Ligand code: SAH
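One chain comes next, on its own, written out as structure tokens in the form predicted alone.
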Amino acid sequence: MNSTAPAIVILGAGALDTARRIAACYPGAQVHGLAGRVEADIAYSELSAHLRELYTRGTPLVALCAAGIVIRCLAPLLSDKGAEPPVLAVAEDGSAVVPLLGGLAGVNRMAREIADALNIAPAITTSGELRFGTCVLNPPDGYALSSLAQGKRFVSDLLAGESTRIEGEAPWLDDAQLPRSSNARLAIRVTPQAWNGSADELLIHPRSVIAAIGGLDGDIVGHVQDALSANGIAALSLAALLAPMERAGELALTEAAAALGVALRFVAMPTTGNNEQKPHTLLVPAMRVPHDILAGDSPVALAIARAPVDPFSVGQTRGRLSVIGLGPGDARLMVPAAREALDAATDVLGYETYVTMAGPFRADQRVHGTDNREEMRRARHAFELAAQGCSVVMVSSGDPGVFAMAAAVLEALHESGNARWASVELEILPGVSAAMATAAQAGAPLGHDFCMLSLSDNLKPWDVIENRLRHAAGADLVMAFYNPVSRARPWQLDKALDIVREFRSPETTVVLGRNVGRPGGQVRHTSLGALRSEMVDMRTMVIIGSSLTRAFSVNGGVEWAYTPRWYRQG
């Protein structure tokens, strides 16, 4: 059963209302509209290519157009019935819903859900579904069909008049119109045990088994498979791989879980008196439902629950800390990866102003806004949350690595020596810095060698700033000044300009960008000779050109500045 939110694909504005009604049934669903014809959540330029791309990614498709159009678009991709996502065609006016593909991925269930939302009857044509009121070969989440080929033969026998009995717990079949008999030859068997080869059984495996490893290295997948086989347990019954928290950063574990097709979970590792790692001891603190443990001398211990196990209820996931930059403030200039991290976050931390810019947030997301001067405390708090299995986002403006939180986060990790923090999955996502945003609006003043300097002496002495200014100015680098002035230090920009003027002519091009990317933002061109500190505040980016930076206007209107790619001194 596919749990991914569907893509609702439309061709024109006439289908938009129906599309919105369908999208409301599925959290996270978005409406995809043909560019130039309709305003939707996502624009596409060519229907066939777009449908094929979504289908290849395994995205459920609800296309509001003729069924024949969808069939012709996807025909080149139809080869593996077991791997296809649900695909449905819906009339633009909502008068018909036709399931086309994905019978084993819940397409008929989706057809019923959409039909209920539109107050119509779904056009279901699957024989077994019509006869029995359910797709026997499509068990619900938490269960897996052992063999599709065997299942097809089983359903064929039922349709031919055979009856069946049910062995094990299958509550989703309670209301199914299956022909039943206690002494039937055919049996639907729900068990974690491996198939014994009987042609009279439809085997369905509850994902009720957890495999725990301690200090096991080498062929992790092979050891897990051997443990399952030795106990007669089907691989499809495995729900999660459990490992000690101290191993959370190991790539081999991630790869093993992916190869086994299960979630990877962690728990703090208990030790015995002689400090030996015993995998079965992981299972007691990690499992929250009744279970039996199979261990023996195997390097892998198995826990078997009495019902499917939600892997997210076992131990905890590996925590994640994403350090992102919002860009200069315009949502269009935030990189997509940063938005994805925010959407996936359980916790969002940052300076209160920047956290507000990152919103709005869902009700289930925790927001931790703090004062701008609490960087190290904020970084440590982020690691503590992530070490508990949370998905944490640390918010900066601009680029997080440019005078922002990435350095504080790495410093906190470097100095901590904390194994739990080291187990956190850490990523730093780039953003559009204030210097880059200002330069882009002005043209290309950073087109050649440049440097970025903060004029704030809160974290470094002023004599260091002066020394760096002299070297950068003497090297004829374009300079971008961050934190140029504040109420506490109104004199520093003038002092910095005095130093630069020792090396640059008064005609040197200067670009001032105030609140670029935010409401009321503006870019102003001036010269080094005309620049005064009262023209600048803390929200202003100051870019001072090199000796070769040029400024010009087009038809007396738009003014541009650029620094040539070549360099000829004097």
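From a predicted model like this one, the values you see are computed outputs, not experimental measurements. Counting begins at 1, following the sequence as shown.
The protein also exists as the form predicted together with S-adenosyl-L-homocysteine; that form is not presented, and the subsequent description refers to it.
Asks: S-adenosyl-L-homocysteine isn't shown here, but in the predicted complex, which of 51-59, 503-511, 30-38, 537-545 has heavy atoms within 4.5 Å of it?
Replies: Selected range: 537-545.
Asks: Please identify the residue among F481, W421, F450, F154 with any heavy atom within 4.5 Å of S-adenosyl-L-homocysteine in the predicted complex.
Replies: Answer to the contact question: F481.
Asks: Could you check which residue among G350, G319, G102, P328 gets a heavy atom within 4.5 Å of S-adenosyl-L-homocysteine in the predicted complex?
Replies: Among G350, G319, G102, P328, a heavy atom within 4.5 Å of S-adenosyl-L-homocysteine in the predicted complex occurs only for P328.
Asks: Taking heavy atoms only, is V516 within 4.5 angstroms of S-adenosyl-L-homocysteine in the predicted complex?
Replies: So V516 counts as contacting S-adenosyl-L-homocysteine.
Asks: With the partner left out here, check for me: in the predicted complex, does some heavy atom of A404 sit within 4.5 Å of S-adenosyl-L-homocysteine?
Replies: Contact check for A404: yes, within 4.5 Å of S-adenosyl-L-homocysteine in the predicted complex.
Asks: Please determine whether G398 contacts S-adenosyl-L-homocysteine in the predicted complex, using a 4.5 Å cut-off between heavy atoms.
Replies: The answer is yes: G398 has a heavy atom within 4.5 Å of S-adenosyl-L-homocysteine.
Asks: Does A442 make contact with S-adenosyl-L-homocysteine in the predicted complex, using a 4.5 Å heavy atom cut-off?
Replies: Judged by the heavy-atom cut-off of 4.5 Å, A442 is well away from S-adenosyl-L-homocysteine in the predicted complex.
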